[in-house]
Structures are given as C-alpha cells and as structure tokens.
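Read the single chain below, which is given as structure tokens and is the form predicted alone.
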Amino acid sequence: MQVDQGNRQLTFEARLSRNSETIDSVLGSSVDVQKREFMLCGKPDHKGICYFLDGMVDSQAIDGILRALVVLGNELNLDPASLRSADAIRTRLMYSASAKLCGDASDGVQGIVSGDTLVLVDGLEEGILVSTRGWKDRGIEEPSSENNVRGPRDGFTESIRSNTAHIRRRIKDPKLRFDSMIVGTRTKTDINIAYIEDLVKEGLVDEVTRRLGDIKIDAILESGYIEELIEDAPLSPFNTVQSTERPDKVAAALLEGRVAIFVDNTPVVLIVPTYFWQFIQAPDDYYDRYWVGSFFRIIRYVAFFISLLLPSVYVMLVSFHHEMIPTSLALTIASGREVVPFPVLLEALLMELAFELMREAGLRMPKPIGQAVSIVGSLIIGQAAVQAGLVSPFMVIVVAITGISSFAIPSYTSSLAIRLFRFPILIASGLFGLLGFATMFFALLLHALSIRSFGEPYLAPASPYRHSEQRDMVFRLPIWMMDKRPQFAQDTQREGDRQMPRPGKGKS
C-alpha cells in the first residue's frame, strides 16, 4: 500500500511529532483509532506513541507492550545510546517474537488496520510493529450446510489462522505449505494458498498464484468473489471450483495433490482442481463401511438425475408421447387433468416456481419460522391448488419428489446449478417433446465435457477414462483397494502393497 498525501510520499522521520502527523493524516479522526503516549524507560526526553485500533487488538498485549517500554526499560538501566536504536529497543525490551522494524509509513498504517500495534519513538526514523491481533471469533461449530452422521464435528470459522490450524492438526507433514497473498485494494484481504509440496500437481501452485495476482478489485468480502475471478468457465452454471466448510474435506483434497485457498473473514475454503463427481460425494462415504458408502452414493446419483430430469420427462410424456405411458397409468393421469385449465408445461412451470419461492422464503426467514413456512406452506398450497383444479395430483407428486431429491445432493452450490438447469430442459421438453429433451440434455453434456478445472477435464475420470480412479467415482471401494491418488499428483502411490486385512496371517 502506498501512503501519500497528494503527490508527496509520506515516510518516517526522526521527529515524533512529524511521524504522528503522518499517521493521523492517513487514518483521520476515526473513533476507533487509539493513541497511547508513553515515556521510554520513564525518561521525559524519550517520548513515544503507540497506535492501534480498538476492537482489533488484545488489550492485555497492549498493556504488556507499554509495561515493557516504560517499566522494564527503567529497571534495566539501559545505556542511553541504546535508546537511539529501534533494533535495540525491539530486541532488549520487546518480548514478542512478532515484533519487527518498520521503515515505511505505508507498512505501519497497513499493520495498524490489520490489528497490529505501531510503536513510534522520538528520534527514530523507524517504527516497531508488534502483532497484537485479538478480536473476538465465532466458536467452532459443525457446518450446518454439510451435515454428516459420522465424522469430525468441527468446521471452519471466519479466522484464517484458526482455519489453517485445523489443517495442521490433521496433516502433520513438514511438506505442508501455506503461501500468503493480499488481494483487494481497499479491504487488503489475507489469502493463504495451501498445498503439500511433494504431492501437488506440477505447475498448479504457480497457476493459482498467477490467477490470484491478476485480480484487481477493491474488495474481497467472501471467498465467492475469488471463486468467480479465478474459475475456468466463468459463463457456465457448473461449479469448477469446489467450496467447503469442512476441514476433513480440505485435508483429503490436499492429500490428493490439490490446492486449497483460504480467505480471511469467511469459513468457506476453495479447492482446485475439482471433478463434477466430487459434488455428489459426501464425507460419510469414507467413514462408513464401503458397502454402505457405495449404496448411499448410488442413491445420491439417482437423486441427481431425478432432480434434473423428472419434471421434463413427465411433461414430455404427457404432452407428446402418451404411447410410452402404461394404459392404466395414462388414464389415471388424464382423469386428474380433466379440470386443469393450463397446458402441462405451464402447470409444471407454475409449480416449480411456487416450490422455489417457498424454499427461498423458508431459507431467508428466521430459522424457527422458516422451517414451518417451507413445509406447512408447501402442503397447504399444494392441496389447495389440487382442490381448486389449478394443478393435477400427479404434478404435485412429481414436483415434490424433485424437490426432495435436490436436498439429497451434498453440495449446496451444486444443487443450485441443477435447479437452474432443470428449467431449460423442462421448457425444451414441453415445446418439442423427445427431440427437445434429447437436444437440451446432450447440449448440457457436451458443455460439461468441454470445460476444465485448472487444466483438469471436468468429467474426469469418466471422460477421459482413467481406470485407476474408477475406484472412487460411482462406487466407493474399500480403503485397502484405493491405493492410488489422482494421476495429476506428483506421487500417485497412496499406500503400501497388500493392505487387505488377513487375520492371523499378517500383511507380509
């Protein structure tokens, strides 16, 4: 950050009054800017000032700094010549390992607004920055958007350093790296790039760093800003960057050779590259027995196709292809639609929009009220619409099953994309029948085949087909069979040979 006044660069000088005016001219008269004057070692001719922001610092740390500068320095009877050296003051009076010299006013101001304390002493052309960050953080909780039955209950918070510590606790590997960046010309948001040095895909860290470095924006308020500015297909509804609030998912991704992007002030961490199939997978798949994990993963795949295609298939069959419906079922559907005044396409669109409206209302309202509105409102409105003859009972069932299936998808952001795709397929099916349905579906498939996530094909390992990665795509094979990492990792060997349990025989 460049601190200037007009065209004149502001720098520290040997006069305390001048340095104080420099800081005051930049920070202004903001009520949270605090100045504490002191006398170094209790000597009136060695005055100083501490600058910090109220609410951003630990008050006990501030008291410790002032006590060291005033009381401890007096007790040590330091040589007066040493008081003319900022480095001597830092090393002999400051017991904080984070204390560092600051020779430029821009660095000093940036430290203050980040929660550090700037110490200025009369006669010194350098300041001393001490890390005193101590704002209140939200407690660690289980992410409400990514529930699981078995597994860790902790989740990320808004503190970037607390979030990186979650990963350190899980991966005690000296090769784990966290690179730091600052993005946002006004917010100066801290960003950490996490990876395991000898596993990460070659060139991936450089590519992530380049894309983040190319961002020129005034504010980064949430990781969603970063996601939109670094993804490979910015015009596609598909998510080519995975987001999560679960530390165990991030740790698993790093161990596969991926990169995680931590953004300060948000609990959502980004993971790249990602495959489409990862949005269908859940942590429970790996914590339960592989038979159970595979079964429920298949259930989620079924839920994915139902939530995407069921309304379109129903509208297509009822509007154009009656012969594909069993006779008894066709008669039942026809009897339910006798009093409905709308075409089946318009009926489906009205019901889908009403369902989305109630779901959004339930999400935005206070939690105790929102759940009641979304559930009871759907039942009452659906029943009233059927009795009034506005919709058929079969349409209510189709829309309800579709909505329930969308809730079975673990990734909330991915389920949003599916909800969007549902409407163009539905409209094409209602207007052109099987031709419209097939055309729109294959256009969607071709689009997914064409996009990439940081150089990796989005539909890999299905396309292109990678045999070694099929063990964790549709089915989740036993842990002792998943001995390979994705092919892009530097070291693809995950575990040793012959890990299948052999009771009484050993593994050798």
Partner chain sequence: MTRKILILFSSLAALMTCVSCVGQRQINELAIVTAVGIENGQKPGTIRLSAQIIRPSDARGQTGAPSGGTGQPIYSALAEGQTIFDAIRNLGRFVSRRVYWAHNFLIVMQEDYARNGIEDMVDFFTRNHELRMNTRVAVTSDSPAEVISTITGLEVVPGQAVDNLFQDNEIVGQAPSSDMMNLEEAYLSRSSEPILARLTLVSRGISNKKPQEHGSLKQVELAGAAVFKEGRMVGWLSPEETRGLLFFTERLESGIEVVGCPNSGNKLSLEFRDARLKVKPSYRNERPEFRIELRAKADVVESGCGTNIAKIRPDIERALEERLKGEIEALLRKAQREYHSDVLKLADVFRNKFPAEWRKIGDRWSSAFSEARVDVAVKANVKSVVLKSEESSQ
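Since the model is a prediction, treat every value here as computed from it, not as a measurement. Residue numbers count along the first chain shown, from 1.
Separately, the form predicted together with the partner chain exists; it is not shown, and the next lines address it.
Comparing 282 to 290, 411 to 419, 314 to 322, 134 to 142 against the partner chain in the predicted complex, the single stretch with non-hydrogen atoms within 4.5 angstroms of it is 314 to 322. Contact annotation for residue 257: none of its heavy atoms lies within 4.5 Å of the partner chain in the predicted complex. Contact between residue 337 and the partner chain in the predicted complex is found at the 4.5 Å heavy atom cutoff. Heavy atoms of residue 386 reach within 4.5 Å of the partner chain in the predicted complex, making it an interface residue. The closest heavy atom approach of residue 430 to the partner chain in the predicted complex falls within 4.5 Å. A single residue from the set 185, 332, 106, 91 has any heavy atom within 4.5 angstroms of the partner chain in the predicted complex; that residue is 332. In summary, among the residues 213, 366, 174, 326, the only one with a non-hydrogen atom within 4.5 Å of the partner chain in the predicted complex is 326.
Annotation for 231 to 247: no interface residues with the partner chain in the predicted complex [heavy atom within 4.5 Å].
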